[in-house]
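Okay, here we've got a single chain as C-alpha cells, the form predicted on its own, with questions on binding and movement later.
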C-alpha cells in the first residue's frame, strides 16, 4: 500500500506541473509576451499552492475522503482547463480574470495534495523517511513533467488532449486510493460512482477533443474552418469561404488569398529586383511558401534556403492541394532546401553568403520573436550577406505601430545597414511596412519580372514616401538586453485594439 501511495505522489506531482505549464502556454498563445505570461501564471499558481497548503491544516477529519475529493476536483478542473480557456477566449469580457481564476483553483487544490497525503502516511513511516520519500517522488515527478511537456505532450497531443490525459491520471489516483482505503471512507459507493462518471466523461472528451476544439473555433472565425491543428509552436487554422482562403496563427490573421499577393510582391521584389543576377537566396520564416513563389520568378536564382521553425507549416503548405495551388508548389521546387530550425540559431552556425535575404517573421508580439529584430540578429544577417546583397524584413504597420516600425529601422542602422523603409497597402491589414537593408546605398530596380499583379516601376516610385502620420520618430535601439521593440509593439497595437 505504501509503495502505491508513493507512486501516487509521483503521478500527482507530474500532473500538477503539467497543468501549470499548460496554463502558461495557453496564456502565451492567446495573450502574447511569453515571458510575462509564464512569469505571472507560475507566480499565481505557486501562491495558490501556498494557500492550499495553509488551508490543509483546517482539515482534521476524514483525511482520505478529502484527499480523494481533491483528486477528483483536480482531475475535473485541470483536465478541462485547456478546452475551457480556449473556448472562452473570444467570448468573455475579461479573459485574464478567467485565466487566473482557473489557475488559482487548480493551484489551491494541488497545494492541498501533499500535506494531506503526508498526514495520511505519517503512521506508516518515520518522519524523516516520510519527508525524504514524499519530496523525492514529488521532485522526480516535476522533472518528468518538464521533459514530457515540450518533447512529447505538446508535439503529439497538443494542449487540450494533454490536459485531459492528466485529468484522467488524477481521477485514477482517486480510484486507487478508494480501493486501498475503502473500509475507512464514508459514502464509498457515491464517491466511486462519481469517480467512474468523471473518468468516463474525461475519456470521451479526450477521444473527441479535436471535435470539441473545432466546435469552439467555429464560433470564433467568420468563415468555415478547413484545417485546424496545434503544432509545438502555435495553433494553425485555415478558413475557406467561396472566394477567400485565410491563415490564422494563434488566432491572428497571417494572410488572405484575396490580397496576399500585394504583401508578398511588396516583400520580395523591391529588394530582389535591385540585385544584379541573384543566385543564392535565404528566406527566414515564410513557411507558407508564398514569398518563395515570388522569388522563383527570377530565372537566375539557383538555390533558395528556407529556414522556418515550424515543420508543420512547411509540411501543410507543401502537401495540401488548395495551398500548393496558392503558392505555386514553391516548397517542392528542386531549388528549395527546407530547414526546420530557429533562424537565430541557424544563422549563428551559417558560413554561407547570400545575394538576397528575406525575413518574413510574425510581428514582434513577444520576446521570443522580438529577438529576431535585435542588433544581435541583424549582425548575423549582415555577416551572411554577399558584398552587394540585399536584406528585407517585414516590419508591422508604420501607421498603427509607428514607433515599432522606426525602432526596427534604427536597429538596422545600428548594425551598419543602409536602410530604405517603404510601405504597401494590403486591404486585409491596412498600411504595412517593410525595410530594405544593404551594405551600400540602395538603388531602386530598373525593372521587375513580368506577370506581377501589383508591383511595378510606377508603384515603386511611391512606396518609399511616407505621409506625416507615418514619418520617422525617435526610438530606442532594439537589443537582446532591452527588447524595446516588444514594449513599443504591445503599447501601440494594444491601444489600437482597445
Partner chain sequence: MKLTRREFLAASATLAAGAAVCGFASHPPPRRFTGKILGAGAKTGHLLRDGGIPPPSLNDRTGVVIVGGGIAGLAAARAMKQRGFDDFQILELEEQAGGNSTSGRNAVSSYPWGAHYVPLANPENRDLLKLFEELGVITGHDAAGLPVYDEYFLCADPHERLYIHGRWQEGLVPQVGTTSRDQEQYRDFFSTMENYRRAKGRDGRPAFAIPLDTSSHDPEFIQLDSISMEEFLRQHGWDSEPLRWYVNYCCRDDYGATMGETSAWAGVHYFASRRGLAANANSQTVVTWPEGNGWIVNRFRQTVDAHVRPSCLAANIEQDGRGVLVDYYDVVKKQTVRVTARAVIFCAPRFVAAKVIRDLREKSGTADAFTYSPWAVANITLKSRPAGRGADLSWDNVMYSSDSLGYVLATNQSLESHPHEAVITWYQPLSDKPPREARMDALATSYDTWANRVVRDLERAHPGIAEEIMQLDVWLWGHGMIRPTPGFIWGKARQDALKPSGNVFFAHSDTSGISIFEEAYARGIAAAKQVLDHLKHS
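Numbering follows the first chain given and starts at 1. All values derive from a computational prediction rather than experimental measurement.
The following text describes the form predicted together with the partner chain, which does not appear among the structures shown.
**Q** Out of 171-179, 327-335, 376-384, 395-403, where are the residues with a heavy atom within 4.5 Å of the partner chain in the predicted complex?
**A** Selected stretch: 376-384.
**Q** When the contact criterion is heavy atoms within 4.5 Å, does residue 122 count as touching the partner chain in the predicted complex?
**A** No - in the predicted complex, heavy atoms of residue 122 and the partner chain never come within 4.5 Å of each other.
**Q** I'd like to check something about residue 150: if you look in the predicted complex, is any of its heavy atoms closer than or equal to 4.5 Å to a heavy atom of the partner chain?
**A** Judged by the heavy-atom cut-off of 4.5 Å, residue 150 is well away from the partner chain in the predicted complex.
**Q** Would residue 192 sit within 4.5 Å of the partner chain in the predicted complex, counting heavy atoms only?
**A** Flag for residue 192 set to no.
**Q** Given that the partner is absent here, does residue 348 sit within 4.5 Å of the partner chain in the predicted complex, heavy atoms only?
**A** Contact check for residue 348: yes, within 4.5 Å of the partner chain in the predicted complex.
**Q** If you check 83, 73, 114, 369 against the partner chain in the predicted complex, which one has a heavy atom within 4.5 Å?
**A** Checked against the cut-off, the match is 369.
**Q** Let me know the one among 108, 309, 267, 304 whose heavy atoms come within 4.5 Å of the partner chain in the predicted complex, would you?
**A** It is 309.
**Q** Pick out the residues of 470-486 whose heavy atoms come within 4.5 Å of the partner chain in the predicted complex.
**A** Stretch hits, in order: 479, 480, 481, 482, 483.
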